[in-house]
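One chain comes next, on its own, written out as structure tokens in the form predicted alone.
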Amino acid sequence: MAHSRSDPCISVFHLRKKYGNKTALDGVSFDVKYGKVFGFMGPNGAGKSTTIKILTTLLLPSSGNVKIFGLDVNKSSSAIRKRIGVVSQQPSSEANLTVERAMELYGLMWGIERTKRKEKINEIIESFDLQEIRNIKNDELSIGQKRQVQVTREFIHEMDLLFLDEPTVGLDPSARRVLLDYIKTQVKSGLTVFFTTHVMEEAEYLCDELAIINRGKIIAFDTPLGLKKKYGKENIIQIQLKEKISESILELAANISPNSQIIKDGENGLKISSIDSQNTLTKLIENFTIKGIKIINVSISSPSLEDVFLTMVK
């Protein structure tokens, strides 16, 4: 290869994409290292899908420079496609084929030799506990099972880079954890993963680095812990009351702590973001007690990755 593994696996510089007068990507830049899981987060319509389509050579950029494995996506799309795997959000399955036969067909499409194909399919079926559905046709599976097959079949072929676009949608908690752990083992073996999800716990569990995109621009880039330290300066106060949260209680809390973000957390709870959490909580307890508002439980916690994300994309 002409490039070194010390270079980025993915290099994006000043990437722009316009659809007519609409700008979907506006000067996006980031690098993805080999052997890492890179999380790409953002609200719907932020530019995630457009970015993935460009990186997987399905869409040409309007301007900017994008390289995968040191190869220009505009000039070397065929060579890049041979070395990547892609799991999109769109459902994809062979309705009239059994799970095992569909996987065989998928391996055949990638040109995998028969014996090796059989070995890999058996490994995947065992690793993801698909024995009970291996001889069931895809159109007889549940939505979650179809999604599981769609994601897991991608591991049949050899690849250096895998794009996973919200792969756990529809999976139950057990299947989700099995998939995330399997991805971790593959990354230890050298696989690079470009991962999108709306589930912040998944991002924190799996990703080495995260980029947050909003309205076509990268607004943050760091490790999950780095993002929380950098942008999560406010602690979270949670208060559970005996009575339901009324407008008067919300107004009272806002008057006590005017610089804090205060929202309802269920029917009886308040969730308050505050830089000075200890002092804020003391004042809230004092004033609620004076007003005869009974407190059942209180807690203070550091902001989660989801709290940071919601704060940044507002």
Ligand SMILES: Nc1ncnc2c1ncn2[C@@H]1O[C@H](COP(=O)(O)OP(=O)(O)OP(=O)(O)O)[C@@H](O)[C@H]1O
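For clarity, every value in this text was computed on a predicted model and none was experimentally measured. So that there is no doubt, residue numbering starts at 1 and follows the sequence shown.
From this point on, the text means the form predicted together with this ligand, which you will not see here.
Proximity of 43, 49 and 166 to this ligand in the predicted bound form is complete: all three residues have a non-hydrogen atom within 4.5 angstroms. The partner is absent here; in the predicted bound form, the one residue of 238, 89, 98, 142 having a heavy atom within 4.5 Å of this ligand is 89.
The contact residue chosen from 81, 198, 118, 230 relative to this ligand in the predicted bound form is 198, the criterion being a non-hydrogen atom within 4.5 angstroms. Using a 4.5 angstroms limit between non-hydrogen atoms, residue 305 is distant from this ligand in the predicted bound form.
Though the partner is left out of this view, residue 294 does not reach within 4.5 Å of this ligand in the predicted bound form, counting heavy atoms only. The closest non-hydrogen atom of residue 9 lies beyond 4.5 Å of this ligand in the predicted bound form. Remark: of stretches 277-285, 245-253, 63-71, 22-30, the one touching this ligand in the predicted bound form is 22-30 (heavy atom within 4.5 Å).
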